[in-house]
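Here we start with a single chain on its own, the form predicted on its own, put down as structure tokens.
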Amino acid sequence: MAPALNEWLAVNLRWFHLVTGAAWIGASFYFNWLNNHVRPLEREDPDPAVKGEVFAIHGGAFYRVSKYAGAPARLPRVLHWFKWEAYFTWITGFLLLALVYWHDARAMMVDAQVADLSPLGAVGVGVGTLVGAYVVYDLLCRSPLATRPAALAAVGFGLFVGLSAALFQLLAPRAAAMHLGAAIGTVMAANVLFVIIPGQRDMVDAMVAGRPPPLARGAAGALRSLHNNYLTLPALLVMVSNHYPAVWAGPGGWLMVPALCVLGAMIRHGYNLRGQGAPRPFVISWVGAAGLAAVALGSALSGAPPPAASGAAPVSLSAAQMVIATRCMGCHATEPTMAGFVAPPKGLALEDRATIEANRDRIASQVESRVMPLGNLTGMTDEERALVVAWARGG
């Protein structure tokens, strides 16, 4: 594929993915807020099937939303469904994953220092992750654990940590993290496709046929919708972490990603408790936020430059520049020579000493985390990595 076309496809897919994702997550947040804020009727409703209501004001108008115990007596002329936001978010995300990672698996997914996989084998791991994640999750939701939310969450989190450990043993760290996020997104979209929408169709069909609505199907859909609500912040975290190695690089990356995901879910839980009128609802959110702050502080302290060894000569910019010229400038040049690049990544051309010096922290982060060079296609050795990092840290 022509590099320019590949780049335009990627940016447009990412744009579409973000737009549809915002619509889907916005709808998820709104309907869970709505459900949490339903209160008993303040006065008798003409329709005996109405069991609760919510009053709101927005955009200069008052709104009253009623919630039915089952279904209304007759099908309304206009009934709004919420599904295409979920479907298009997953479709665009899947295409983006395939274009960025699977299409160039040798550079984006394979790291010989992690596992000696072929590009096809790495793609197979990616496909298996998406399919397997939903199959296992669905079996859990159909098991007796479905009636024990805390146990279901604990088992699910344990399996997620296990999946993370496996992926980080097989794929390059960034690819492992992105496939964890893709697994979350697949579970969410499959919930809509296989459980939530079919359950809603059954309820509508029962209304049309004059049968009692299948409340069990509706309850199953409500449970999956609630799960999706908790999974949104973890999914967003992984989505935005693509260019932030602190989240997934290093020996603890396999545990860092799940830990951040559960802290994000804790923050979401506080908002849900508030909507339900629970006392001190944000205590759990504060614990989650404190956990995120602790992770950031711990990473900052552990990543502090160590003092230079006594008698060790500092690494010169000239020495680092020689490694950068050999291993990095195939991509990071005004006119890249590496196949597939029409411009330097992030607009960073490392062709002069001033630019290299000004970006020493960024260079150290990317080199030390093994994110760059991509797939180590230029063959940077561990000794060269250590030299560049030592220069960047002033060692």
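Keep in mind that what you see is a predicted model, and the values were worked out from it rather than measured. Numbering starts at 1 and follows the sequence shown.
The form predicted together with heme C exists for this protein as well; it is not shown, and the discussion that follows is about that form.
Mapping the unseen interface onto this chain, residue 345 counts among the residues with a heavy atom inside 4.5 Å of heme C in the predicted complex.
In the predicted complex, heme C sits within 4.5 Å of a heavy atom belonging to residue 378. Interface membership of residue 366, defined by any non-hydrogen atom within 4.5 Å of heme C in the predicted complex, is confirmed. Within 4.5 Å of any heavy atom of heme C in the predicted complex lies no heavy atom of residue 39. Of the listed positions (13, 387, 374, 25), a single one reaches within 4.5 angstroms of heme C by any non-hydrogen atom in the predicted complex, namely 374. Segments offered: 62 to 70, 333 to 341, 30 to 38, 44 to 52. Contacting heme C in the predicted complex at heavy atom distances within 4.5 Å is 333 to 341. Looking at 91 to 116, no residue comes within 4.5 Å of heme C in the predicted complex, counting any heavy atom.
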